[in-house]
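One chain follows as structure tokens, the form predicted alone.
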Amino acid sequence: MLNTRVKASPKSPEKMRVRRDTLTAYAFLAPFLLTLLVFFFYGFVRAVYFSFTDYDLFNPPKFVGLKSYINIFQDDKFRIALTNTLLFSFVTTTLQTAGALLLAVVLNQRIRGLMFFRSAYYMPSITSSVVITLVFLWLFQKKGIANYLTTQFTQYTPHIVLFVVVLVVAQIIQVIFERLREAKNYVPEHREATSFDALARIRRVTYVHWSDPLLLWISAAIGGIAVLVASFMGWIQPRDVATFDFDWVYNTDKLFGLLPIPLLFIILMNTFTTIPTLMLFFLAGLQGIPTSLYEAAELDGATPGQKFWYVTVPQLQPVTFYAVTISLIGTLQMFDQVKVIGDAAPLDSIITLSYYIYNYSFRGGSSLAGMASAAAMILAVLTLLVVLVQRQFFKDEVNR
């Protein structure tokens, strides 16, 4: 008995410490768990129950079975909202992911004023979506700056074409000249180089890329001078075109007969505001890629495009999986920007499932909360299915 008491004595304080730590952890988690319990689990159970009733927010709900779900699929507005939601989610997720990755690659370079550019590009992400929506409405109105720039582009097309042609030709000539000159001067050194650093140094010196920034600036200057001379000599003139007054918002047309123009407007707006957030994830991932991989690729003669495709993209696969997942979930539940635009656009062109649920729940005088709850359940199932399908494309990351 004496030995048992001696052995149990040091464990009791340890158990008390573990118990005390556990209670402390639960105390810190309690506010979040309580919120989750009330606003998610309780709300979800209530929504499931209401989806099988004719609840209208004012009278006691009556059980109607699957009638709400049947009515949903017979409602034209629901089919339009479902189509718009899927289109919006697919296009926006693609644009956001690709744009965020490219922006992160650019901002991962050692350039002057890097912190300023990173802060400037992140600003849209912390700006109110209401403010961003109003700014975009102003930019894309019929007399807005988007239509003005389009008119100017059409009017000065000859100048732009001449500038691009001269720039490309000048760049090609300069790169070929530099490659021939450097190959003549440095190839013998390359043969004599034996160390890793010497090989890397010579590779950087002797290989001039087609997109070399310094040569590109010189080519742009040559192109600008060519345009000025051609304009001064009267060889090219601005075209006489009508003012472009395209209505981006109140428009019933569809791009390729599929994507409503106002929904495309919201896609551009949502992409602009969400890319900075995803960019941070990719930027963190880029800084974790070993530089030795890029050095090895350089020694093998890989171009910047090959290094991006065969080194950067595979190394960022875990980040890409996370970015695509949260982007899919966010776009499937998009609501605020459609609500802010409101009557400024035709409802059928912008309605999404989230807005459909809101519209049927709180429309004045005839709330259809039962149907709205059924639509919410369908949206929840759709989100789960889309994420499960997306996981099939990232099986390696899921199984890690």
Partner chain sequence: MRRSLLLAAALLAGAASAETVVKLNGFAGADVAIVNDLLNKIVNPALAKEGIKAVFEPFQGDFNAALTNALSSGTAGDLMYIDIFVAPGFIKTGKLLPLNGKVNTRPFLPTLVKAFTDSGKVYAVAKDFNSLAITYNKDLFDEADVPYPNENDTWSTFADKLRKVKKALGNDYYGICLPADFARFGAFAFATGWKTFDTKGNSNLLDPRFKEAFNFYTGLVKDKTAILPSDLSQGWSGGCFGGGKVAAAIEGAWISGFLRDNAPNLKYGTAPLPRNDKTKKRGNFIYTVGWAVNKESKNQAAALKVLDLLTSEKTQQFILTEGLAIPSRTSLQSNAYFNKTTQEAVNAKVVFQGASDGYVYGYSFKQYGGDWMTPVNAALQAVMSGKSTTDEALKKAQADLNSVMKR
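Numbering follows the first chain given and starts at 1. Predicted model only: the values in this text are computed from it and were never measured.
The protein also exists as the form predicted in complex with its partner chain; that form is not presented, and the subsequent description refers to it.
Which is the contacting stretch out of 137 to 145, 323 to 331, 159 to 167, 96 to 104, given heavy atoms within 4.5 Å of its partner chain in the model of the complex? In short, 137 to 145.
Hey, in the model of the complex, is F32 touching its partner chain, heavy atoms inside 4.5 Å? No.
Does any part of R46 reach within 4.5 Å of its partner chain in the model of the complex? Heavy atoms only, please. Output for R46 is no: heavy atoms all beyond 4.5 Å of its partner chain.
Counting only non-hydrogen atoms and a 4.5 angstroms cut-off, does T252 reach its partner chain in the model of the complex? Output for T252 is yes: heavy atoms within 4.5 Å of its partner chain.
Going by a heavy atom distance of 4.5 Å, is H209 a contact of its partner chain in the model of the complex? No, no contact at 4.5 Å.
Check for me whether its partner chain, as it appears in the model of the complex, comes within 4.5 angstroms of all of F117, Y122 and S125 - heavy atoms only. Per the other structure, none of F117, Y122 and S125 touch its partner chain.
Sequence-ordered residues of 43 to 63 touching its partner chain in the model of the complex, heavy atom within 4.5 Å: Counting only heavy atoms within 4.5 Å of its partner chain in the model of the complex, the contacting residues of 43 to 63 are L57, F58.
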